[in-house]
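First comes one chain, alone, set out as structure tokens in the form predicted alone.
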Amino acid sequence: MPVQCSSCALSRAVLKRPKTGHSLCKACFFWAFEEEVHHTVVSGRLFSRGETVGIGASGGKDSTVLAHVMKVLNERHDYGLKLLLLSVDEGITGYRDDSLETVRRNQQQYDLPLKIVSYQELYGWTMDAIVKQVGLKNNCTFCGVFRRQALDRGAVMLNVDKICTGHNADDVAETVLMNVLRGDIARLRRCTAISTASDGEGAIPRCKPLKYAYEKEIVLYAYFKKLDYFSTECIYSPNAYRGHARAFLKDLEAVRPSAIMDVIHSGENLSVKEGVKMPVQGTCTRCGYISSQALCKSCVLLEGLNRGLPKLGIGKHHRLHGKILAQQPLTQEEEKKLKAVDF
């Protein structure tokens, strides 16, 4: 027997929301999803009228839904924002080149300006070249660090006031779990922040309008809206640490459906006792990017690649920063130790 929409009671329900359990028709689901994102934007005070906002666009489902919903809400609720699309080309043949074609179609579909910055242009390296040097075990470390900085650099080029990313509730919960498992208190304190305006993560404030949106509902929204997005996973990420956290979270969710929100709220309410020493944010003496060390992680990783010692950026080698800054060669013993580091 057909189930009626529990919201309007007029149309036949086409889905049962994973987040609330309500049976909704397409129109009511679209409205509920969009207005929940609007509530997140308003309650989090994410934007101010007149701001230029760069939307991190990868061509995937999250960023595509984000771009679509932000355009809809900007017009519906008169946010008064100037929206732009900002993409990063990591240089992954057969993956990023294809997804960027989706981004270019999104640009036409949503009539939004698009800026693409590349690792090759910014760092002189592509991820294909980096993987040839470092292999598949720690390549995501290089990509994550470079992409975070590349997004900021692209935002500076566009002179945007804020960047918004497509991180959803599942992503945030996974990050909480990863930081717990790694014992990374500094990141654990700030990873649930809906806006990174004051947490030192980057020069330009970032925000997450989809922070409380379940990944399953984002997929349903994209499917029923027939949005154009790229769904292939990165060819270099099968061994990524996040994958283990994701699998664990899915197992928890199967036992307790509220697990995702429970983990997020735990992270939000975390407090650290007085006296715990936290990293002090400064700026990189080489590139000026925000860093808690003399050299930012990006500069150290890049230095290692350029010196033929990619393991230089893996692990803690702060004592070598002075030599790097002075452009001094490492001793044979130092190089030997670096080459002995297990990726």
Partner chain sequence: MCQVDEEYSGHLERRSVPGVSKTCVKCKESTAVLIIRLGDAFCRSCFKEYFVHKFRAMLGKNRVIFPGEKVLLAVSGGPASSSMLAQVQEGLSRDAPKKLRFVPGIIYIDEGGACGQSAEEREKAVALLENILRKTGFPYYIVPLEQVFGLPDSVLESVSCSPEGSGLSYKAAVVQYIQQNEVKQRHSESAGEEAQDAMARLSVHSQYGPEHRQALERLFSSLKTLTAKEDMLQTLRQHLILHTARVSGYSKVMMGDSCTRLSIKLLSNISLGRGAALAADTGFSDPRYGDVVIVRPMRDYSSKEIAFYNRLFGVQSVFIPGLDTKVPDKASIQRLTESFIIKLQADFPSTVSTIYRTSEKLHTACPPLNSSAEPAVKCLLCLCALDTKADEASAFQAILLSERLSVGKAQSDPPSSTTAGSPGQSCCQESGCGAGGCCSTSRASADLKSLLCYSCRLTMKDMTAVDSLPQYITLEAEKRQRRAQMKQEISEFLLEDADDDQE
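This structure is a prediction, so every number in the text was calculated from the model and none was measured. Positions refer to the first chain, counted from 1.
Quick note: we don't show the form predicted in complex with its partner chain, though the next part is all about it.
For Gly135, no non-hydrogen atom is located within 4.5 Å of its partner chain in the predicted complex, even though that partner is not displayed. For His39, a non-hydrogen atom is located within 4.5 Å of its partner chain in the predicted complex, even though that partner is not displayed.
Taking the partner from elsewhere, Gly183 is found to have a heavy atom lying within 4.5 Å of its partner chain in the predicted complex. Looking at Asn179, you'd find a heavy atom of it within 4.5 angstroms of its partner chain in the predicted complex. Contact with its partner chain in the predicted complex, defined as any heavy atom within 4.5 Å, is confined among 248-256, 155-163, 98-106, 75-83 to 248-256. Taken together, Glu35, His244 and Ser266 are fully in contact with its partner chain in the predicted complex: each brings a heavy atom within 4.5 Å.
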